[in-house]
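In structure tokens, the next block holds one chain alone, the form predicted alone.
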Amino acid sequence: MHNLLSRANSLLAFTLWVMAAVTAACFLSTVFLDYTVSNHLEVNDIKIRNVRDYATDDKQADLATLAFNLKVDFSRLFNWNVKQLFVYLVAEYKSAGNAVNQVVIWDRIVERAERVVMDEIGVKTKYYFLDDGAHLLKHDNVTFVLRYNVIPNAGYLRLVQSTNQLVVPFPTTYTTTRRS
């Protein structure tokens, strides 16, 4: 009655339907979970230099260097639908030219098999903390926020912000030494 290709097509269609249903069940089983964690963040050794900025029309820009200590436990986030986390530290501040400035200064990919409890001490910034002008000097409200993307096996990519934030005032004078 049915030839071999018709039976193979029916079997493949049924298998794909079952796989789609299992994937949807995987997504629905973890969609309403809370993925926020708290962290302990300390920022120290903040130095600001006034450097020449060749990328913009402004002749000078503020370059900040700093070190930070980070302690956070991501172990409760890893359920059977989480493949990895993309963790990054953001510095946020306001300036006269921009209402919102957000600079990513450090990131790391945390996979399931790796250590999921971070206890980092004296970490330097991975990326330049460069302002497009001279707005970092004497700034009294630079907020450091730990954010992370939860990368699932099935479902949507979550952008989560840690519950703790750190507000740090920046120095009032420029650093003139060459060492950081």
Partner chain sequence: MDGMIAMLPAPLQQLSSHIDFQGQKVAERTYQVILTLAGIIGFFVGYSTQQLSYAMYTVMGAAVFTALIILPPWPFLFRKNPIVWQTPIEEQEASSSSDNEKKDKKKETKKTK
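Predicted model, so just to flag it, every value in this text is computed and none were measured. Just so we're on the same page, rigid core means the largest C-alpha set that superposes within 1.5 Å between forms. Numbering follows the first chain given and starts at 1.
Separately, the form predicted in complex with the partner chain exists; it is not shown, and the next lines address it.
Next item on the list: Select from the listed residues 98, 102, 79, 84 the one whose heavy atoms reach within 4.5 Å of the partner chain in the model of the complex.
Entry: Checking each option against the partner chain in the model of the complex, the one that comes within 4.5 Å is 79.
Check: If you check 134, 26, 123, 145 against the partner chain in the model of the complex, which one has a heavy atom within 4.5 Å?
Finding: By the 4.5 Å heavy-atom cutoff, the listed residue in contact is 26.
Notebook entry, point to check: Three residues, 3, 10 and 22; all within 4.5 Å of the partner chain in the model of the complex via heavy atoms?
Noted result: Checking in the model of the complex: 3, 10 and 22 are all within 4.5 Å of the partner chain.
Checklist line | Partner-proximal stretch of 137 to 145, 48 to 56, 123 to 131, 26 to 34 relative to the partner chain in the model of the complex, 4.5 angstroms, heavy atom | finding: Looking at the partner contacts, the answer comes out as 26 to 34.
Notebook entry, point to check: Could you tell me if residue 40 has a non-hydrogen atom within 4.5 Å of the partner chain in the model of the complex?
Noted result: No, no contact at 4.5 Å.
Note to self: Using a 4.5 angstroms cut-off on non-hydrogen atoms, would residue 159 count as touching the partner chain in the model of the complex?
What the structure shows: Residue 159 lies outside the contact set for the partner chain.
Next item on the list: Considering only heavy atoms, tell me if residue 15 and the partner chain come within 4.5 Å of each other in the model of the complex.
Entry: Answer yes; at least one heavy atom of residue 15 falls within 4.5 Å of the partner chain in the model of the complex.
Note to self: I'd like to know whether residue 153 contacts the partner chain in the model of the complex, with contact meaning heavy atoms within 4.5 angstroms.
What the structure shows: Residue 153: yes, in contact with the partner chain in the model of the complex.
Next item on the list: Note yes or no: does the Cα of residue 17 move by 2 Å or more between the shown form and the other one after the core is superposed?
Entry: Comparing the forms between the shown form and the other one, which are aligned on their rigid core, residue 17 does shift its C-alpha by 2 Å or more.
Next item on the list: With both forms fitted on the core, give yes or no for whether the Cα of residue 113 moves by 2 angstroms or more between the shown form and the other one.
Entry: Yes.
Check: Where do residue 28 and residue 114 end up in the model of the complex, Cα atoms closer or farther than shown, with a change of 3 Å or more?
Finding: Note: Cα gap between residue 28 and residue 114 shrinks in the model of the complex.
Notebook entry, point to check: Hey, the CA atoms of residue 30 and residue 114 end up closer or farther in the model of the complex than in the shown form, with the change being 3 Å or more?
Noted result: Note: Cα gap between residue 30 and residue 114 shrinks in the model of the complex.
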